[in-house]
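Below are two forms of the same protein chain, given as structure tokens: structure 1, then structure 2.
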Structure 1
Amino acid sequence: MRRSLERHWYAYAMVAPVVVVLAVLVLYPLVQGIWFTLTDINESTIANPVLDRPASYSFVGLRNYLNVLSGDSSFGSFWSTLLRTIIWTASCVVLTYGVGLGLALLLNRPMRARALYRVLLILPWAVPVFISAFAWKFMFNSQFGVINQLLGAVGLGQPVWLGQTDLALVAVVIVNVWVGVPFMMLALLGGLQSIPADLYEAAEVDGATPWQRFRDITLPGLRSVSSTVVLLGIIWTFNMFPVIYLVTGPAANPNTRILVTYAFERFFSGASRDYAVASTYGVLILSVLLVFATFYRRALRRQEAFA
């Protein structure tokens, strides 16, 4: 131990600040957050030095978990919200990846105005997400929004996009895909460009069809980039807050409620500042993600072993 300290003291010294920051601002809060899920902490029982009020919450055991996991609607209908979160995540990631890959493939060939297309297609990434959310909320306006006016002009129906129906979920998926495609596209474009061109030439000499070239060269060549961006995409979308909150808010719409927005609702909105339930949701979200990431990595490793 002492020898290790002597040998590595400068490494430890350089790492120390970050370890301290992480310990104080992530680890300690995490432990405390888990503890809060076992209590009945809320706005009136949390310690508040400004009001000179000590903490008065008490230990309640697993009550919060039982309440939430019972799926009761007064605790956010956990199971149906989880299902909606999964539908939301899956549809967003599949669409974003599909469109991103399609555009990357198109952009990866020599043609006129390639650089111009690239810049135009990146634009949604450059706009801050809260601005994009407002822009789409404006365009989805049921009476005067430009989307419905265009639909009306070509003789189609003019649905109420952001009402209390599942159409609102479709709307936020559209927004999130619009926001997310540029990142996917560019990451995949980088991946495509790292595939050696002579592989394609050799395949062509051997008489491979375009589809075969795509399946046997492009997709395997993209594997490492794909697996990373898909994992990132899933985690980001699962936790995506601003798009849903700003497009359908400020009054929460139960048809677009995902786990994260409900936790925030519980923490923040008006009468029900129930910090204990908000924390419980947080811990459950984290558990779902950790379990998922573990399986994902294992599946990837198995896939690599076969390849």
Structure 2
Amino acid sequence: MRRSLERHWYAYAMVAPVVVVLAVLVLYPLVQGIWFTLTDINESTIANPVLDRPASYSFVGLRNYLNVLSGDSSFGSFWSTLLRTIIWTASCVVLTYGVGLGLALLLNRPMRARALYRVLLILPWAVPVFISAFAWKFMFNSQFGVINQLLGAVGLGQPVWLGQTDLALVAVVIVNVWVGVPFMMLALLGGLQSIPADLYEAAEVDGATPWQRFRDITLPGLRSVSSTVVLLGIIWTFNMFPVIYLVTGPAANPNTRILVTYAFERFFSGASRDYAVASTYGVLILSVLLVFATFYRRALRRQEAFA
């Protein structure tokens, strides 16, 4: 350690500020959140310097985890909310990847004004999320929204998209796909451009069909990029709070409730804000993602080993 410090002291000095910032902004809140899960802390028991009120919460051990994992509706019906979160995440990631891959394949072909098309397709990513969310919220309006106006013009029904039905979940999935497609398209387009053109030419000479070239050259060539963007997409979508909150509004909608939005509800809503249960949901979300990421990376390594 001493030799390493003497030889690489400059590198350690450059990295030290980043480590300090991460420790303050990430590590300390994480440790504090884990501690809160072991207590009964809420708005009435937390310390309040303004009211000169000391903290009065107590240690309860794993009671919060047992209450949440029991599936009790008073604690958010964890398992049904987890299932809805998985459905939300899978739908968004599959659609985002599929649409992004299709657009990347189109933009990878020689065409006129290809640069213009790239800029136009990147716009949803460049626009702030809250602007996109509010625009889509207006378009989904049951009375004045352009979507229902178009449906009515072709003789179809005009549903209440953002009401207390499963259509609300469909609506937020559409918005999240709109927001996420540009990143997926750019990442996959970069992967497509890294595949040697000689492989396609050789396959075409050998009489391979377009589908065979896509299956045997394009998809294997995108494996490393796809594995990364899919993992990132799953993590981002699993924790995607802004889109759901901005589109459906601050009022809790059980049809669009996922784990992270329920944690927000318990932390900031209600007569007595339950910081302990909200922190428990946060730790469980982190645990689910860590377990998934671990098995996901192992499965990819195993697949690469047999490839």
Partner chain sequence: MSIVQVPVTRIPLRGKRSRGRSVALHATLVVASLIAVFPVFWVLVTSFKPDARAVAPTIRLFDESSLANYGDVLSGQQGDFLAWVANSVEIALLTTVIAVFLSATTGYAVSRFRFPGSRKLLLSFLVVQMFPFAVLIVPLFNVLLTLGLQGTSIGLVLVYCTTSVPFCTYMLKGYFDTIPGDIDESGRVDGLSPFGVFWRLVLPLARPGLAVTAFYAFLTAWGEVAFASAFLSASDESKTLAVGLQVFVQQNRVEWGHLAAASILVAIPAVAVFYLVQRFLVTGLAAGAVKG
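Please read these numbers as outputs of a predicted model, since none were measured by experiment. Definition used throughout: the rigid core is the maximal C-alpha set that superposes within 1.5 Å between two forms. All residue numbers here refer to structure 1's sequence, counted from 1.
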- Block containing the form predicted together with its partner chain is structure 1
- Message: Aligned on the rigid core, do the two forms place the Cα of V291 2 Å or more apart, comparing between structures 1 and 2?
- Response: no
- Query: Rigid core superposed, V24 Cα shift between structures 1 and 2 in Å?
  - Reply: 3.0
